[in-house]
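Just one chain is shown here, as structure tokens, and it is the form predicted on its own.
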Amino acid sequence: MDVRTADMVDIAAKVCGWAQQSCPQENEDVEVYALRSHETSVRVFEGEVEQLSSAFTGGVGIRVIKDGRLGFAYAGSLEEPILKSTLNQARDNANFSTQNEYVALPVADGVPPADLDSELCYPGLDEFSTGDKIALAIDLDQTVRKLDTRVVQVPATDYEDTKVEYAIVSSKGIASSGRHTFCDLSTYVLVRDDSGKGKGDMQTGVGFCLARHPKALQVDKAANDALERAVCLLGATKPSSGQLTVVFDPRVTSVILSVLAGMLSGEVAQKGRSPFQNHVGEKIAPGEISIVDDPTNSSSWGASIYDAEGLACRRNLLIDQGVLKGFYYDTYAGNLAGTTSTASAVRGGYATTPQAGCRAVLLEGGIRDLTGVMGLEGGKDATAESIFLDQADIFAKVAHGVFVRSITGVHSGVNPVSGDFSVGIEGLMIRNGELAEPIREATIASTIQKMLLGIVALGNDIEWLPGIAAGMTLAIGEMSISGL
């Protein structure tokens, strides 16, 4: 079977049909997840192609549930003999697994799928030649080298694209499919300051742009982004320790929201591993703040028509005007909690089973009155008609703070059970409403709970970034910084 032309729904339905024909049993449920992808990757160095790869892949993951026992098997092939062998292996694995009353396949719940196919998939990606992809990467490499005399090296410039098609068919009546395309262009730049106070200092910066199709990629945006992020940190020094307002760059906000989203998993909460597990119905953020996970928002790179169990994706409100409304669930987590799935199942591919996860997390709302909150009056006040602020207006209201451009140590410095938050930062000080000297080798600390309650401003610069959450400028009223 040619993986490049096979129909995913037909494959999944055929395997599911084999299961019902070969051994029809009332106490056995079967789910088939079939996936096909085509990926291209180009790396350029000094105007020449350093790496080039293009690969078609296809595979299937099969879940069999029999008497509350789950069997799973997968294969990186769509050949018929392999598919039959994988089904038999999943059935065999079910016989040896532990019985679990909460394990089940979902049943369609009547939520209509969003009409997103034309927005998530660019059918012309296959027609965009390899030569054109290489040309984009070379153009970015050459553009960033010419932007500034302080550029001393561009270690890597990359173009990548992916086209994914999937189908989920089960004996419970699920028959879902979808597809999406994704392209990105990125560069990594090294700059050196040969004059002034920071003479000899070197800094790096990464810039990128994303799109559903390569014709929408913006070379200048990626180049300028990388250069600005490197140059702004030249001459950075260690700051003094203290308490101050922290303003997060959109990229950093996206990471923080992703961490928070992990704490709002229904399965995590049921297992007692979330700091919010006993706080449903309580205020955990300012009243102007809401947080949603909405995979039907086509602007998100995680947008999808269906979740990883074949249920139609939908908007899930997690925090409503500061109050924790609830958690998100896949079928298993929903059964565990005595509720239903929120169509929040995700997978890492055909080789993994589904679990509860977010796809498109967004902060909504804003703070209307910042007067005195951040220690400085001034700047343009937000109004009821415009509750988000320009980034410059947020800076203008900060008497003493730091603008965090990047963070390190998230995996080791954030405790998802207690909410403790301590990470390394680089950025710029804010003094009397203006950006000041660059800093590095510093740490900020708080807890996710305090940070949520301490939100004092949201930026209007919403940007969907790689991963599960949107970025925007975000200001926290007070955090601890450790430096000198």
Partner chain sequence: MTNNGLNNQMLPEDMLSDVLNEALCAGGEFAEVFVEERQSMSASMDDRKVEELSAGYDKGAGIRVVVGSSTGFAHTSDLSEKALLEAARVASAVARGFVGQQSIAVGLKSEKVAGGGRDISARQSGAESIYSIHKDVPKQQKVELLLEADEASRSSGTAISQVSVAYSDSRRRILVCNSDGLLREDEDVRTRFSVNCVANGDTGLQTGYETVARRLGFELFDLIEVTNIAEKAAGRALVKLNARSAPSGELPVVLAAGSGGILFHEACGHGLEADHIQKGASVYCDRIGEQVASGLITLIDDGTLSEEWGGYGIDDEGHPASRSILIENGVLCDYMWDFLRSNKGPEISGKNRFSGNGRRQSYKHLPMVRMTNTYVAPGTDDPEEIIAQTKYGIYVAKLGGGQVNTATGDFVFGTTEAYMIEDGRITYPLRDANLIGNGPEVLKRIDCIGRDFGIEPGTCGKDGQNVPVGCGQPTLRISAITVGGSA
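Since the model is a prediction, treat every value here as computed from it, not as a measurement. Residue numbers count along the first chain shown, from 1. Note that the rigid core is defined as the largest set of C-alphas that superpose within 1.5 Å between two forms.
Keep in mind that the form predicted in complex with the partner chain is missing from the display, and what follows is about it.
**Q** Tell me which of 111 to 119, 173 to 181, 149 to 157, 281 to 289 has residues with heavy atoms within 4.5 angstroms of the partner chain in the predicted complex?
**A** Of the stretches listed, the one contacting the partner is 149 to 157.
**Q** Check for me: heavy atom within 4.5 Å of the partner chain in the predicted complex, for each of S299, A360 and N460, yes or no.
**A** No.
**Q** Can R43 be called a contact residue for the partner chain in the predicted complex at 4.5 Å between heavy atoms?
**A** Within the cut-off, so yes.
**Q** Should L452 be classed as touching the partner chain in the predicted complex when contacts are defined as heavy atoms within 4.5 Å?
**A** No, L452 is distant from the partner.
**Q** Even though the partner chain is not shown here, does D67 get within 4.5 Å of it in the predicted complex, heavy atoms only?
**A** Looking in the predicted complex, residue contacts with the partner chain do not include D67, since no heavy atom lies within 4.5 Å.
**Q** Hey, in the predicted complex, does L234 get a heavy atom within 4.5 angstroms of the partner chain?
**A** L234 lies outside the contact set for the partner chain.
**Q** Just one of S254, T353, T342, Q391 has a heavy atom within 4.5 Å of the partner chain in the predicted complex. Which one?
**A** By the 4.5 Å criterion, the partner-contacting residue is T353.
**Q** Can you work out which of N316, N335, T143, S274 has a heavy atom no more than 4.5 Å from the partner chain in the predicted complex?
**A** None of the others qualify; the residue that does is S274.
**Q** For the heavy atom contacts within 4.5 Å of the partner chain in the predicted complex, list the residues of 79 to 103 involved, in sequence order.
**A** Read in sequence order, the residues that approach the partner chain (within 4.5 Å, in the predicted complex) are E79, I82, Q89, D92, N93, F96, S97, T98, N100.
**Q** With both forms fitted on the core, check whether the Cα of P112 differs by 2 Å or more between the shown form and the other one.
**A** No, P112 moves less than 2 Å.
**Q** Aligning on the core only, does the CA of P81 end up 2 angstroms or more away between the shown form and the other one?
**A** Yes, the C-alpha position differs by at least 2 Å between the shown form and the other one.
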